[in-house]
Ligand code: OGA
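Quick setup: one chain, the form predicted alone, written in structure tokens, and binding and motion questions come after.
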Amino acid sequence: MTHTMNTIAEQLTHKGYIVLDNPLENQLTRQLFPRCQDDGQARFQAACIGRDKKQIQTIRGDVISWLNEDDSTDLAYLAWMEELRLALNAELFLGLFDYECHYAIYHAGAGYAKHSDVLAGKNNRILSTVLYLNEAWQAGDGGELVLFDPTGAEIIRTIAPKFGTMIIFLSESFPHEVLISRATRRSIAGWFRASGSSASLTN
């Protein structure tokens, strides 16, 4: 765990993002998979965009469910992220205050157009995270995350949503999009936030 935290801190400092292969214990990742199921119990709702929380499926087509601390599996994931928050604050002085996250399901035909995780007029999202929960994902299944440079003009990285893969990146620095999925695509999307003001990697 310590090695993972050190690697994350180093890559965020030099590149602003990092892609990790299976950073969580395999058992926890597998326990998260059944939690990310649209099981007809009204746990998942259509996602919204913008400060006015509009639902526009041509821009964003996923359904989401916020993690619940009353569930032991969700709590274990949140505990791992809390350890990461404390480690990054110690290493990088980011002033990360809390973490919020939700399960996200993109059914076939859904995607998310290029966007920034920092809402207009608000800059308290510092780091974005995505953990993918897609078993046996194939290249033709689509649903890749495309990470752009800060101008949004150049593609930096394209990440396949393979099971157990996690990406962490500076929220304000990297516009990104989710390409159209051709199979059901599952993930946990989250954000480390600062309290009241933004932080940077320079101290």
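Not measured: the values here are computed from a predicted model. Each residue number is its position in the shown sequence, starting from 1.
As for the form predicted in complex with this ligand, it is not shown, yet the points below apply to it.
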| item | value |
| --- | --- |
| All of D117, H176 and A189 within 4.5 Å of this ligand in the predicted complex, heavy atom check | yes |
| Partner proximity in the predicted complex: V130 to this ligand, non-hydrogen atom cutoff 4.5 Å | yes |
| Contact test in the predicted complex: Y77 vs this ligand, heavy atoms, 4.5 Å | no |
| C36: touches this ligand in the predicted complex, heavy atom cutoff 4.5 angstroms | no |
| Contact test in the predicted complex: L32 vs this ligand, heavy atoms, 4.5 Å | no |
| Segment that reaches this ligand in the predicted complex - one of 130-138, 65-73, 149-157, 36-44, heavy atoms within 4.5 Å | 130-138 |
